[in-house]
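The form predicted on its own is given below as one chain in structure tokens.
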Amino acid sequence: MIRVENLSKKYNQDEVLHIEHLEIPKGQSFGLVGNNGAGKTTFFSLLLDLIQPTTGHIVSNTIRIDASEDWKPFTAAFIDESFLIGYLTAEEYFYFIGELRGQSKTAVDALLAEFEDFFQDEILQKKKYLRDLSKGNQKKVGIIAALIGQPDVVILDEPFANLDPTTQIRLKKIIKDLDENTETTILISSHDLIHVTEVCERIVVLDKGEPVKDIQTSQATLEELEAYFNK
């Protein structure tokens, strides 16, 4: 589904990302972990063509990302609040995203109804602009908006940050259900090793922009990751 070849990103002479080769199969739940500055957000930004690579390229479903926009209809993401439109209410934003992805209001409403527990009666029908919601509730909106239209690829950067424990638990269930019941390729970055090992079947560790571990998740994975970051 996603193939990375000789990918690097430099700012002046500072190389912040360098991935020789990486393949992420269709339907895989893929976790990316690393310390601050490891290159996680840079990699996701390259996946979304938000920045240009210094060398190399990424191919998503046979489409080279930096050479065509044909990957956009089957790709969805939530990186941060800049993906939202602050002067819209949650409903207006969901319908806007739905229209972009060819979904009727009825279809969007049906999807939103599935996530009432996740919203915790704090978002829908509150007549609040997105800019006036808490960081956690803004994140809830962005995550669910990324699921509208059943995209083939979903990219979530630090999805568990700013969420209360109840919402984190519900988000993990959403991700697991998506992984088990669809062919969606899910890419998640996180500082939280426990969460990412619970929801991802494969985890890559980035260190100073380079992959240093590529792990198929097992019962020993959390201990292995903790040992690596505690060295």
Partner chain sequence: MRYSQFLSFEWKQFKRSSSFQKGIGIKIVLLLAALYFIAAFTSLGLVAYYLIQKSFPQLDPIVVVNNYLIFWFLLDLTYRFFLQQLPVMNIKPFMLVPVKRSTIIHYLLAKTSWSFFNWLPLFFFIPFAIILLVEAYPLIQVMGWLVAMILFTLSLNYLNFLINKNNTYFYGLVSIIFSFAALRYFNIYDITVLAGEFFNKMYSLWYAFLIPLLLLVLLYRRNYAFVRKSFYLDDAIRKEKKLVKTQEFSFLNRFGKMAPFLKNDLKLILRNARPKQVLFMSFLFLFYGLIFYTQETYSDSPAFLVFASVFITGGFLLSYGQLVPSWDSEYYKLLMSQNIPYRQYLESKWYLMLVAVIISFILATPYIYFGWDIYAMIAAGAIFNIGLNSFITLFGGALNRVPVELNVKAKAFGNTQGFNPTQLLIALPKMLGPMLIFYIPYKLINFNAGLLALALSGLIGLMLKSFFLNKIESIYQKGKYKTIAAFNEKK
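Numbering follows the first chain given and starts at 1. The model shown is predicted, which means the values in this text are computed figures rather than measured ones.
Beyond the structure shown, there is the form predicted together with the partner chain, which is absent from this document and is the topic of what follows.
Using a 4.5 Å cut-off to the partner chain in the predicted bound form, not one of Lys208, Gln216 and Phe229 places a heavy atom inside that distance. Contact with the partner chain in the predicted bound form, judged as any non-hydrogen atom within 4.5 angstroms, is confined among 51-59, 165-173, 197-205, 184-192 to 51-59. Proximity to the partner chain in the predicted bound form, defined as a heavy atom within 4.5 Å, singles out one entry of Gln120, Thr89, Gln150, Gln103, which is Thr89. Heavy atoms of Asp177 never reach within 4.5 Å of the partner chain in the predicted bound form, leaving it off the interface. In the predicted bound form, at least one heavy atom of Ile85 sits within 4.5 Å of a heavy atom of the partner chain. Within this chain, Phe115 is remote from the site of the partner chain in the predicted bound form, having no heavy atom within 4.5 Å. In the predicted bound form, no heavy atom of Ile144 sits within 4.5 Å of the partner chain. Counting a residue when any of its non-hydrogen atoms is within 4.5 Å of the partner chain in the predicted bound form, the hits in 107-129 run Lys126, Lys127, Lys128, Tyr129.
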